[in-house]
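What follows is a single chain, given as structure tokens, in the form predicted on its own.
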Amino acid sequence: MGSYGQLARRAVETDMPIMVQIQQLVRGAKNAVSLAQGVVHWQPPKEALDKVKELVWEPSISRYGADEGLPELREALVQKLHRENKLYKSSVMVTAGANQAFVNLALTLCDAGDSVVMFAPYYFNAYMSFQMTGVTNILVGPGHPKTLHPDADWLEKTLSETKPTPKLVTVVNPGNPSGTYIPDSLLKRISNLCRDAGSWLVVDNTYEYFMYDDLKHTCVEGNHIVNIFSFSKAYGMMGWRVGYIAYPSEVEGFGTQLLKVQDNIPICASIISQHLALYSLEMGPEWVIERVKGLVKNRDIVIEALSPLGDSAVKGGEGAIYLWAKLPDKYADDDKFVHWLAHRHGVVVIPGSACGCPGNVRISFGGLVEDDCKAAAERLRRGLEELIRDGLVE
């Protein structure tokens, strides 16, 4: 018989997924609503879904496809990268979502024992991806106390003083969990620091279309840069699992090594999902942007609900679908607060400790239509008012 001690240490020592814990919390809290999971409330384009229905009986749908993705989808994505992202020297691999894309890159670019750099608050799944692939020397840099922007001065010092030099630096833009946007000038500085140090830069652009207040998303490109993108949020395709990697075409052997990893995890992304991605892409970014506009009202509703914490406590909301809020110092046990809020007030958020920042919470405003968001926000407001007035009342 096996024993706990015989389980792989890299798995045992990997954090438990916070979303698994949150799903259990939602099931255990009576009639709880979620402002936790990073989802959008819309479905894929109806026109795209209608086209996919016609393909169900097509034999190729049930067979393996090319590991790197359907040729027609990859070609469309290359054109999209040229047109929208100004990436002209990047090749594409289609993956089963952006999370799988990140694992592919961790396995392709890092060896067990390498050091890597993230910035707090960090995306919990990326942190776990490093842990479970044996990359346990994770250097977590600070975000700016007011903007949560990655601290480039700290990065410069860390890349120059850490020996051996960290293999990889990763950022999410706009941010998960912070909802903050990394300005183009700062992104370029981070890129240049990585280039000069000989480190890879991996940028997660999952929320590229989720920009507010006239801000514009930008990308950087170079032989040391890999960009990740996703269909999940933009086109409401969370369950269809399609993402893609844009990697430097001029780096010899990069694509070959990626294929080794790809073939041993999904072989290829779901074929019918890739067709839906292609048909959705044909709708153009305007389809997505029109829906993202509707999230501004949700954002404002949730910001108002967070007002009992005080103006300086709430950050983010420039992009993505998240706000980041600091709890009062005397109630800084964010895990305890999240469980209390769920069971007493019926609304669920993410504890900041899952993102390397205890004493904070992440709130998602993308998953509910406006009326439902209002109802959830009202529960949140009542909970925070009670917290400030009476504490964690049982």
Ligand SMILES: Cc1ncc(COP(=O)(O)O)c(C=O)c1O
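None of the values given here were measured: they were computed from a predicted structure. Note that residue numbering begins at 1 and tracks the sequence as displayed.
Keep in mind that the form predicted in complex with the named molecule is not shown, yet the notes after this line are about it.
Student: I'd like to check something about Gly38: if you look in the model of the complex, is any of its heavy atoms closer than or equal to 4.5 Å to a heavy atom of the named molecule?
Tutor: Within the cut-off, so yes.
Student: Is Arg241 close enough to the named molecule in the model of the complex to count, meaning some heavy atom within 4.5 Å?
Tutor: Yes.
Student: Examine Tyr235 and determine whether its closest non-hydrogen atom to the named molecule in the model of the complex is within 4.5 angstroms.
Tutor: Residue-level check for Tyr235: no, no contact with the named molecule.
Student: Do Gly97 and the named molecule share at least one heavy atom pair within 4.5 Å in the model of the complex?
Tutor: Taking the distances in the model of the complex, the answer for Gly97 is yes, it comes within 4.5 Å of the named molecule.
Student: Please name which of the stretches 300-308, 226-234, 272-280, 213-221 has residues with heavy atoms lying within 4.5 Å of the named molecule in the model of the complex.
Tutor: Heavy-atom contact with the partner occurs in 226-234.
Student: Counting non-hydrogen atoms within 4.5 angstroms of the named molecule in the model of the complex, say which of Tyr181, Tyr123, Tyr247, Trp324 makes the cut.
Tutor: Of Tyr181, Tyr123, Tyr247, Trp324, the residue with a heavy atom within 4.5 Å of the named molecule in the model of the complex is Tyr123.
Student: Considering Val169, Val172, Leu73, Met93, which brings a non-hydrogen atom within 4.5 Å of the named molecule in the model of the complex?
Tutor: Going through each option in turn, the one that passes is Val172.
Student: If you look in the model of the complex, which residues in 50-73 sit within 4.5 Å of the named molecule (heavy atoms)?
Tutor: Not one residue comes within 4.5 Å of the partner.
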